[in-house]
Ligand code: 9MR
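Listed next as structure tokens is one chain, alone, in the form predicted alone.
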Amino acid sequence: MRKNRLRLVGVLAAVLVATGIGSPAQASHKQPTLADLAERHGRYFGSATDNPELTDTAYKALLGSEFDMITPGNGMKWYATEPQQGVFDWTNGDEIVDLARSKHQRVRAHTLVWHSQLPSWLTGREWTAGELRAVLKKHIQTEVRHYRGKVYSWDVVNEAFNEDGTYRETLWYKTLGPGYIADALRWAHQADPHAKLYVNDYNIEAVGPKSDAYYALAKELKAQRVPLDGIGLQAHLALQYGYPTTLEDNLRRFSRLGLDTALTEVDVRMILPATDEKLAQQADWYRDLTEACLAVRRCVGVTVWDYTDKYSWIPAFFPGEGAALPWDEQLLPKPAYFAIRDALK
């Protein structure tokens, strides 16, 4: 029954938009936004964005009205911010921070320490532990100081573990050992004591070896009084792999450690073509994950990894898959959008 109702709502919305009634611009004046609805629960509802799409005025208008938290998809990563050693470039990050601030939105800053999208000067040579430690500390503290007072939180360390719960053999781990995570958090805290500090990863939504590794790490860091505020669960989901049914339990166990949680990079991809049935299932998943966050007091909010299929990363990385986001390529709301609204009501 729920799926049929959802499909009817989606079809009705598409008809209204097609006839010029309730276009996205008008709708924002008539009904509360996702951010408005989330705020009633003491949560935020956010979207990632990236610099190239900010030239799209229709896209930018929805980004500025529907959400209250913004994540720069690429503009704060190492290749963008320190393209040459010691030479910092804030152009892309500043553009997104300035845009968010102009719309009274907060920023989840992303990301300081990751194994991917590193500049060639960093990956193209061997480092001693002492050299790399100094480079890492300088990068973290320079970037965090630059955005001090302008961002809500940082994904300090991104994707530190393998699927089996072992440490990922990154440049950082191989050269500095597992202590690089605690060091990174301490350095970020020194540079901005008010920013919330997160570790962030994918495939940790369900209870399992990878999320267990983060649970053990978080316990250890808390015991050592390392400044860790939260766990980011990316929630890049795919219909063909099943829904993470232990999500709510998992959020609860992290909150019992005194940590916030957030769903940080949400999308729900499917094998194309998208059918009514798949879109209805996707809508159920979006509703369920939103409800899971609302059910756990310390789950602070949900961010979709950009809000429209027009700018999704999925098709380029998973050929033959897509349709992962709550708005379609024409910026029209899909059943998933109405399911999120339903959950937030």
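No experiment lies behind these values; they were computed from the predicted model shown. Numbering starts at 1 and follows the sequence shown.
In what follows, reference is made to the form predicted together with the ligand, a form of this protein that is not presented.
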property: Site check 73, 110 and 117: each within 4.5 Å of the ligand in the model of the complex by heavy atom; result: yes
property: Segment assignment from 230-238, 130-138, 167-175, 86-94: heavy atom within 4.5 Å of the ligand in the model of the complex; result: 230-238
property: Exercise: residue 205 in contact with the ligand in the model of the complex, heavy atom 4.5 Å; result: no
property: Close approach of residue 159 to the ligand in the model of the complex, 4.5 Å, heavy atom; result: yes
property: Close approach of residue 305 to the ligand in the model of the complex, 4.5 Å, heavy atom; result: yes
property: 4.5 Å heavy atom contact, residue 210 to the ligand in the model of the complex; result: no
property: Listed residue that, although the ligand is not shown, lies within 4.5 Å of it in the model of the complex (heavy atoms), from 265, 260, 143, 82; result: 265
property: Answer option from 50, 284, 56, 276, heavy atom within 4.5 Å of the ligand in the model of the complex; result: 50
property: Residues of stretch 307-331 in contact with the ligand in the model of the complex (4.5 Å, non-hydrogen atom); result: 313, 317
